[in-house]
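Single chain ahead, by itself, as structure tokens, in the form predicted alone.
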């Protein structure tokens, strides 16, 4: 494969502020998607032994610190996390991730609380969830689902990459 072509794709992915899809790269470079996918696969293999890897996230590709170095990077950053969610917000986000799309009333019932409207608003502000339409029932309540930013933040390519409820010790009875 042409080294300059691979280097161009590497530069595009590196410069992108979000995961970049093969289709978008192909449109930018005006080439066939299969050619881009082959180059991305080669880049991914090239970066495997390095300090950063090419990850498939949220339907695209992005360079991130290799997982094995993540603990050191956290030490460097003094464990300063840019995302700070309460336990209630994490619970709400997990419910949305596993049961989407669903209404705020359904979320409240699952959590056993009166209202989750403030939490939903916070998760929307953080762009972790979005309104996905309205449920076709009386009152037409809004339906919520996760966003590509949710996938990106949690290192997932798709919702299918979430661990099963059984794997995380949740009993569905």
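Numbering follows the first chain given and starts at 1. If you're wondering where the values come from, they're calculated on a predicted model, not measured in any experiment.
Not on display, but discussed next: the form predicted in complex with a further copy of the same chain.
- Heavy atoms of residue 40 never reach within 4.5 Å of a further copy of the same chain in the model of the complex, leaving it off the interface.
- Looking at residue 65, you'd find a heavy atom of it within 4.5 angstroms of a further copy of the same chain in the model of the complex.
- At the 4.5 Å threshold, heavy atoms of residue 23 stay clear of a further copy of the same chain in the model of the complex, well away from it.
- Mapping the unseen interface onto this chain, residue 28 counts among the residues with a heavy atom inside 4.5 Å of a further copy of the same chain in the model of the complex.
- Contacts between stretch 6-39 and a further copy of the same chain, counted in the model of the complex as any heavy atom lying within 4.5 Å, involve 7, 8, 10, 11, 12, 14, 15, 16, 17, 20, 27, 28, 29, 30, listed in sequence order.
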